[in-house]
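The chain below stands alone and is given in structure tokens; this is the form predicted on its own.
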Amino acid sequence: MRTLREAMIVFRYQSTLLLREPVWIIMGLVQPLLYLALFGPLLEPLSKSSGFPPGDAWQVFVPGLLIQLAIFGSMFVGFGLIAEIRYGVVERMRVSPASRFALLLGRVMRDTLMLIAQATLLVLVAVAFGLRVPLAGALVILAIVAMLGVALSSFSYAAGMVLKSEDALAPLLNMISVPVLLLSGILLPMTLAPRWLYDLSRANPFSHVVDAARAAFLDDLTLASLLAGLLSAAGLAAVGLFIATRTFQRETA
């Protein structure tokens, strides 16, 4: 109970800092909206080709966009922590009696809440473009986005705490995010890929997450791919929190 109370204190403080600079919230949503408006219509003719997954172009493309939003909306939060290290905020954390897990959890909660708000707005805009999504499917994908937000923001904070340098963190995150993006089928379904590339993509947990998101948008909540995606997202969240908590405990001891 004490840990949760301390996490809420950190959450409110971090949320206040974010609301003072709302431009970051807007910037995080602009890129997916541009993809929605400028890339989505190109998929409509492609949706009639063989190998395209079930559903129309929007039911295939928008779930991928939501996963992309989760990746790029959470993966770079570690830069903010590096700034806090530079300004002595983390140094003051060393003498704080607060739980190290609470110091991490409050930040992760802030990032995840912002991500859910952005994802909700993106779905509402996509409906105006022609997306048809069942309520249950929308709730499932918001849960997936939330778990990815927890996972990737935790990883990012852990990397920022260890590296303590934007010059080191930026290439690391780019090196990870590019293959994750290309092998997940976010922009184009991997069912359109050659067999060797499709098989390679199966080793990427994010490809299973994308498949689960598309299954949810088709209101097919019984597919094995949906279960695999949910388990992948939950596993990433658990591993991310574990690694980040250990890192916070070690670096602020």
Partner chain sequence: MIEARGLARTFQTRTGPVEAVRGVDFHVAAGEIVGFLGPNGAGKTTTQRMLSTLLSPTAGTAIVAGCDLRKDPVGVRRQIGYVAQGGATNPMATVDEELVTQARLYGMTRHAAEARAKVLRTELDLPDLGQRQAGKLSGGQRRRLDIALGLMHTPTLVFLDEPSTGLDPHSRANLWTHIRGLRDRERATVFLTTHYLDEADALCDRILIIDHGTIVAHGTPAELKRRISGEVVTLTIEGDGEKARDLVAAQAGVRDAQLAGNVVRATVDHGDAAALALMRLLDGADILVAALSVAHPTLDDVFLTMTGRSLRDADAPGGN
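Positions refer to the first chain, counted from 1. Note that the structure is predicted; figures quoted are calculated from it, not measured.
There is also a form predicted in complex with the partner chain; it is not shown, and the following applies to it.
- Shown without its partner, this chain lists M93, A143, A168, L113 as candidates; in the model of the complex, only M93 has a non-hydrogen atom within 4.5 angstroms of the partner chain.
- Checked against the partner chain in the model of the complex, the residues I176, L121, V162, A98 give one hit for a heavy atom within 4.5 Å, which is A98.
- Mapping the unseen interface onto this chain, V10 counts among the residues with a heavy atom inside 4.5 Å of the partner chain in the model of the complex.
- With a 4.5 Å cutoff on heavy atoms, A136 does not count as touching the partner chain in the model of the complex; it lies far away.
- In the model of the complex, at least one heavy atom of V89 sits within 4.5 Å of the partner chain.
- Though the partner is left out of this view, L17 does reach within 4.5 Å of the partner chain in the model of the complex, counting heavy atoms only.
- Although the partner is absent from the chain shown here, R5, E21 and E251 each have a heavy atom within 4.5 Å of the partner chain in the model of the complex.
- Listed stretches are 81-89, 128-136, 153-161, 177-185; the contact stretch with the partner chain in the model of the complex is 81-89, by a heavy atom cutoff of 4.5 Å.
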